[in-house]
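Structure 1 and structure 2, given next as structure tokens, are two forms of the same protein chain, each shown alone.
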Structure 1
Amino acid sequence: MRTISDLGPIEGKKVIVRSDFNVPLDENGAITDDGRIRAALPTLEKLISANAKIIILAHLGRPKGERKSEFSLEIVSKKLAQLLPNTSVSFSPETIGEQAIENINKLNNGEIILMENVRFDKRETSKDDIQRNELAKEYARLGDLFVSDGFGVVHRKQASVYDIAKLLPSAAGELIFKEVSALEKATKNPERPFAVILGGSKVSDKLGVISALLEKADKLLICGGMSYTFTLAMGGEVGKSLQEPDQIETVKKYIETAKKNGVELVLPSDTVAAFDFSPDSESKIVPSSEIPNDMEGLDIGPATAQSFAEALKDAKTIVWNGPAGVFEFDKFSTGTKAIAKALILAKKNGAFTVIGGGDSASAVRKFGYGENDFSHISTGGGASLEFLEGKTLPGLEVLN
């Protein structure tokens, strides 16, 4: 991939940077995890030092082509200004057009302007190449060069990620290089034993990655909502827990493939089951295959947490994508926290540990753990999954 250095002298140039500022917000619209904004700083600081004029394109949420105030990036511009106190950071309510260009023309060297949410325009995520290209041409009018630095969106063909890179001299930012280097180290030729922990809600969301990992990993640990379909496939009872009966036959094949390939498949043996999906619901620990009909699993139990820790003890490479339970509820965050602690210990013992973005990254930050506790915390949940699966990511391919 081309680097920023490959763009030549950039002093005074207007550099468009595609960042991923899709941060989680609470019910009052406040940012609850600024990890993705902080991850963008190395690239921005490099461009500031080079005296470029920096124009940031980004998205927040899924406004589906409509201008919605709750998805405005103005709150992100304020956070970015706090993180870069010595840099002028302004906000443009317009993303494209003459007013946007007028706002950009006020920039001095080394200053930043964050444009409004690119997803307020339905062409940004259109499946129609012509529509996306029309919008990308509007973006290209804003600057001279393009730097792609939003790893969380490189698995998508979107106007501000893929199409614009064809129209302007383009390069990958510091974050993209960091992400690709870490994920390649973890997957191309991992030091073994290579263990992968997959959690989250649905098996159907991770069919491809499970198939791929059954050919690569030495150990595959399954948790979260997706584990209940595995339990069903093995003849267990899961009560009201998340489940996908239409995936049972597929899961049975996965179990057979794991045996055939010598992959150690570790499934939950006990579950923290609750009567309701609520933070304070009455709960009890039950065998994972015997969840009562009026209860649902919301976390792995202590025996499972222990078996996961044992399985990870000798691993030299560990990738974790997806929480073990409903970590957003403190009462049901114990299992996810136990996995985080197991990875921290593994790193101290010399393992290369990767948090695969998304909810896993949000969870470890919620627990107060930082970047130094793990070898790498990815900013892209879906992108890191597709990378693990071995798919071609359009936003990376276009930079080659």
Structure 2
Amino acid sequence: MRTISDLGPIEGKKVIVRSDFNVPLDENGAITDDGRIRAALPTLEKLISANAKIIILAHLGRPKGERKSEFSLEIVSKKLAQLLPNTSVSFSPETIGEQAIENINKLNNGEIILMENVRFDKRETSKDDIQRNELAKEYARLGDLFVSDGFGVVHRKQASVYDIAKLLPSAAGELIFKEVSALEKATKNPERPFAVILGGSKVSDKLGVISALLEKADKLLICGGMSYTFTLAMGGEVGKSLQEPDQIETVKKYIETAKKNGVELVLPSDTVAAFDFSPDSESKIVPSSEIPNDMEGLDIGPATAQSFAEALKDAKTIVWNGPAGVFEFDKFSTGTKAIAKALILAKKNGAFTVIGGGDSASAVRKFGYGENDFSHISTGGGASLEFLEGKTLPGLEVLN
């Protein structure tokens, strides 16, 4: 993968950077987690100190090809200005075209301009190569070089991610470099024992990852909503818990493959079951295979948390994707917190620990843990999953 230093001297050059500024907003449109903006800073700082003129392309939310003020990136430009107090950060309400170019021409070396949401133009995400290429040509008119740094979008074949990289000399930014290095280290040749924890809501979201990791991991720990389909496959009762009966046969095959490959499969033995899906629902701890008919599992139980911690003790590489329970409700966040603590301890003991998955990352931040507690917290949900699956990501491939 080409990196920024492969681009040659960049002083005074107009460098287009694709960043991932797709931050969560509250009802009032305020940014609730600026993690992704902070993650974009190393590349921007590098370009600032190299005296480049920096033009950022990014998206926010799903405006579906229309200009919608609630998805404007202007709020992100203000946050960026706060995070880079010594740099001039301006905002261009036009993403492409003559007005956009005029705004860019006002830049001095070492200054930043953030262009309006690329997804206001429906060609950005079009499946039609010609349409995307047309838009990418408009982007290419904005600058001289392209730096791809939005790891959260590299699994997408989109104009500002993929097509533009074919039109300009291009390279991977610091964030992409860091993400790829960490995910490669964890999966290509992991130091063993290699343990993977998979949770989250549905088995069907993660079929590819489970199959791929059954060929690589030494231990596979299953929790969260997807664990109930495993329980069903083993003949247990899961009551009203999240379940996908149409995946039972697939899950049975996973259980067989685990046996055949010598992968230690650790399933929950107990569950925190609630009468309904609400933050204060009355709950009790029950054996995982005996969840009463009128109850649903919302977290792993204490015995499971204990057995997970035990299984992770000697691991040298740990990848975690998907919370163990409905961590959004404090009452049902205990299992997810216990896994976070087990990873923190493992890292202290020398293990390499990686968190992938948007909700898993926001869970650990919600608990007050940070970047230093883990070897790597990925900024890309879908992208890190596809990477773990071993898929080729178009936005990375195009940088090779």
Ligand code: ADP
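Along the sequence of structure 1, residues get numbers from 1 upward. Keep in mind the model is a prediction, meaning the values are calculated, not measured. Under this definition, the rigid core comprises the largest set of C-alpha atoms superposing within 1.5 Å between the forms.
Undergrad: Which number, 1 or 2, marks the form predicted alone?
TA: Of the two, structure 1 is the form predicted alone.
Undergrad: Once everything's superposed on the core, is Gln131 shifted 2 Å or more at the Cα between the two structures?
TA: Moves: no, less than 2 Å.
Undergrad: Indicate whether Ala274 shows a C-alpha shift of 2 Å or more between the two structures, with the rigid core used for the fit.
TA: Yes, the C-alpha position differs by at least 2 Å between the two structures.
Undergrad: Superpose the two forms on their rigid core, then report whether the C-alpha of Glu296 is displaced by 2 angstroms or more between the two structures.
TA: The answer is yes, as the C-alpha of Glu296 shifts between the two structures by 2 Å or more after core alignment.
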